[in-house]
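To begin, one chain is listed below as structure tokens, in the form predicted on its own.
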């Protein structure tokens, strides 16, 4: 007789994604979530796993955060999706809160449902403002699966779906000379993740983003920073770009903005470009973008994430985990571990892809859920909830130790 887990897996394979099921069955890591709370996912049979990936930062504040649930429940007494034709109080208040966290001038917000949708709008806006076509992004980066976002991403995500629109090009990340050569008088925007996750959690060199900002100013291109994963405190600052002393023209955010409970994203842009929507305010619309209920979830996320005490805790926990990983590196030198990242956005690079792949399975067997970086499978992405406790952190590191020992 099949158990509940197997029934769900078979149904999922039949109607949703047989390829995903084939992959997970191959390595015996098919996790079917049931109950979930704070830092833990329980599978449908009740087995607990620490969520050490958080769907790229969606669950920054843990699973089913009680404050966000209360904010949504209260909002549902009055509000619903809302109507994009009308003026919205929740959207206005949410946009104002976002503006308070941004550098001066970045105070205009257009809401969406997904990060990809927000990236699409950022590219449209840059092209509309500059009257140019070119978009330069980083080789190995990722910006979503919608049209323009997909065109700016890695080849493997788009090659099956036909040719991309004209105007898109890429340059190596962290290479100032290559970026200078790529940005021309026909470039509308440079689009970069502050810390490219799919590339393998690559932290930019100290002067790289500042140099890119200067190149954009010199050539008249706009600088778009994709903060979908680095935003809302993930790196120990509210926004990842704040570590590097730059002021983007446009910032894209999503994932953690939802609180893991209501999908919402945003494109924040400088007020000097507001004219693009003034003549025709309906030239860009999103029926479900900035759902009024979703805005209440986002406002609670902003309220929590911007607190100095909260951000200091994230930075402290990041330092604690880094020290623990460095100790494991010395204990298990044959794994070739290298640790990089900021705050609780960390990449664990191993000597080769096979080592990393085996460790995904061994960590799973020890109750830790992680994934590897799609464009660098040697790197495991370590993004635990920002609300992880000290005791949970210790339990996670003990599980890493067991997995590393088994690998050795």
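Residue numbers count along the first chain shown, from 1. Given the structure is predicted, the values throughout are model-derived calculations rather than measurements.
The same protein has a further form, the form predicted in complex with a small molecule, not shown here; the description that follows concerns it.
Of 122, 190, 228, 94, the one that lies within 4.5 Å of the small molecule in the predicted complex (heavy atoms): The residue in contact is 228.
So which of 260, 204, 112, 144 gets a non-hydrogen atom within 4.5 Å of the small molecule in the predicted complex? Contact check passes for 144.
Can you say which of 177-185, 99-107, 228-236, 276-284 gets within 4.5 Å of the small molecule in the predicted complex, counting heavy atoms only? In the other structure, the partner sits against 228-236.
is_contact(residue 116, the small molecule) in the predicted complex, heavy atom dist at most 4.5 Å: Yes.
When the contact criterion is heavy atoms within 4.5 Å, does residue 132 count as touching the small molecule in the predicted complex? It does not: once the small molecule is placed as it appears in the predicted complex, residue 132 has no heavy atom within 4.5 Å of it.
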